[in-house]
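The form predicted on its own is given below as one chain in structure tokens.
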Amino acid sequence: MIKEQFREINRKFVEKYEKIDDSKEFYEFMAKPIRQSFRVNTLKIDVKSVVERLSEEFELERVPWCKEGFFVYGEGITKTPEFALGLIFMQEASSMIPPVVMDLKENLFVLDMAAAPGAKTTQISQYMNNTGCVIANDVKYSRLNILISNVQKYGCINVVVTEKDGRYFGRFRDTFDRVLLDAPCSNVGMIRKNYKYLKLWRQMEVEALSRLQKSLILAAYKALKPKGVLVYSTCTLDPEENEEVIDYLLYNTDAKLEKIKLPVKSTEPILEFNGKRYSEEVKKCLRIHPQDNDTEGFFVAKVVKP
């Protein structure tokens, strides 16, 4: 039934996703409103104090893969003093994963290549205890205001904001200890938030984004120091934007993948799609479908440089 409603909105989308996940649960969760979640900003307050205060008004449930993350049930969390003062950041639970797996510590030099609106940037800054330096870059001028606003609101004093095409950073070879490429994507995972992403989805756009993502990840890898960690993520489920991008990096560089070990349910990565066969190594990536954890659809890969 829900699948047929999706088909009425975008027939081409359903025809493709019948090859990716045609389960009843997939469409049920794609149509289900997403649970609200937040991350406690430990640059300003400890987790226990926030949980004790907010538990007086809301039902909270810890996000299993992020010790500062909580699902919240009840209306009005964004009207609380905790939100206004930057003690909590409203952040989708699956999007908390990339900074968690970056092996962050104090005094690193980090590049967040596509940073706006800044959820992961502020999380990175938090895990570095405001030491070292985070270059928070975004290509779109129109998105810099919200990025700068969030960096200020959440008290991140180790962040420098830049406005560049992410590919610009490829010239800084072997420079950054950690790189996050949360790549621009077709946003299929966000259909749960807004059906406009279902209406807007086009295969032609997916293929164009895949080409862009491949050039971005090559630049990100060039900028990464030996022994450094590059995390690639998207909030979409199209193989061309996920496994195919990682396969391209593995084929063209000496990059190695590291398996992500977190208490998170996932779907097997796709090794073959539309006649293209990907490296067996992509099994180490994390492919999350909406029904796995009742979150957005998401994809994460952890890359290390020898």
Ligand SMILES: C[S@@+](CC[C@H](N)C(=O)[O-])C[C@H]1O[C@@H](n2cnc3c(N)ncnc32)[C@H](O)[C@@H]1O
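In this text, residue numbers run from 1 along the sequence as written. Just so we're clear, the structure is a prediction, and the values are computed from it rather than from any experiment.
One more form of this protein should be noted, the form predicted together with the ligand, which is absent from this view; the next part is about it.
With the partner omitted here, the stretch from 78 to 86, 196 to 204, 131 to 139, 219 to 227 that lies within 4.5 Å of the ligand by heavy atoms in the predicted complex is 131 to 139. At a distance threshold of 4.5 angstroms between non-hydrogen atoms, residue 182 is in contact with the ligand in the predicted complex.
The closest heavy atom approach of residue 110 to the ligand in the predicted complex falls outside 4.5 Å. Of the heavy atoms in residue 189, none are within 4.5 Å of the ligand in the predicted complex. Residue contact check for residue 143: one or more of its heavy atoms lie within 4.5 Å of the ligand in the predicted complex. None of 114, 151, 72, 101 but one reaches within 4.5 angstroms of the ligand in the predicted complex through a heavy atom, and that residue is 114.
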